[in-house]
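To begin, one chain is listed below as structure tokens, in the form predicted alone.
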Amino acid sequence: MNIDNIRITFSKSLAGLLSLPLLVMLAGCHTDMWVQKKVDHPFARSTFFPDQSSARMPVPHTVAMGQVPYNDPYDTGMIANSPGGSIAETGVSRGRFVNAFPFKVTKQDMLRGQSQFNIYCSPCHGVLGDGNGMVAIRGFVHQKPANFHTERLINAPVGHFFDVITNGYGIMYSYASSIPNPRDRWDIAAYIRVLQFSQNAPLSVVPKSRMKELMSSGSDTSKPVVSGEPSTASEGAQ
């Protein structure tokens, strides 16, 4: 065999080897994926499933990402379909804000609420909740942040504060994405009750161990007392 025949034979063998993967890939190609019968619209009639629906129903109690089951007061701050609710009172056509916490508030909740309040709320509402945060002091001219010590907000149900944090109110936007855990929102609402109580607390609630300190400080006992114990105030908040 001369050199030319060897070259021809080698070239044919190499071409055969290179074409083998292509043949394998072509053997796996089918058109049935794009020529099969298609579903024109969701839940169209189909013979594939026994119920003749082309789509499957979601698993019971399925909740879409970013949504909550809007029938639980823990997640909404209100009782759905409660008689007497109005759009003016609740922002919705049916339901009423709850006026009790959906869990037993502990001192740990108070401290967590204080921490979250100072981070997210105090820049506008102030550390005392009087609406004199740094944002307001430094030129927030559109509308002054709410003062939690007004009669309207002192008498507001706790569900109102949870709802405002969740959905926003007026020019305040929703903090649901910043405070995604409903428990933290409830803890903030509980701490707001502590602030309200502390600025309107009678002298009779001051512990005896602190009374001497209060009197010796020269404080005006005719004014509301700021309590230093969140756990004491939490009892009055509920």
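A residue's number is simply how far along the shown sequence it sits, counting from 1. From a predicted model like this one, the values you see are computed outputs, not experimental measurements.
The same protein also has a form predicted in complex with ligand HEC, omitted here; what follows describes it.
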| property | result |
| --- | --- |
| Stretch in contact, per heavy atom within 4.5 angstroms of ligand HEC in the predicted complex, of 175 to 183, 200 to 208, 35 to 43, 49 to 57 | 175 to 183 |
| Distance check, N99 to ligand HEC in the predicted complex, heavy atom within 4.5 Å | no |
| Interface membership of V63, ligand HEC in the predicted complex, 4.5 Å heavy atom rule | no |
| Interface membership of L153, ligand HEC in the predicted complex, 4.5 Å heavy atom rule | yes |
| Partner proximity in the predicted complex: P145 to ligand HEC, non-hydrogen atom cutoff 4.5 Å | yes |
| Check all three, L128, A190 and L195, heavy atom within 4.5 Å of ligand HEC in the predicted complex | no |
| Neighbours of ligand HEC in the predicted complex among 149 to 168 [non-hydrogen atom within 4.5 angstroms] | R152, L153, H160, F161, V164, I165 |
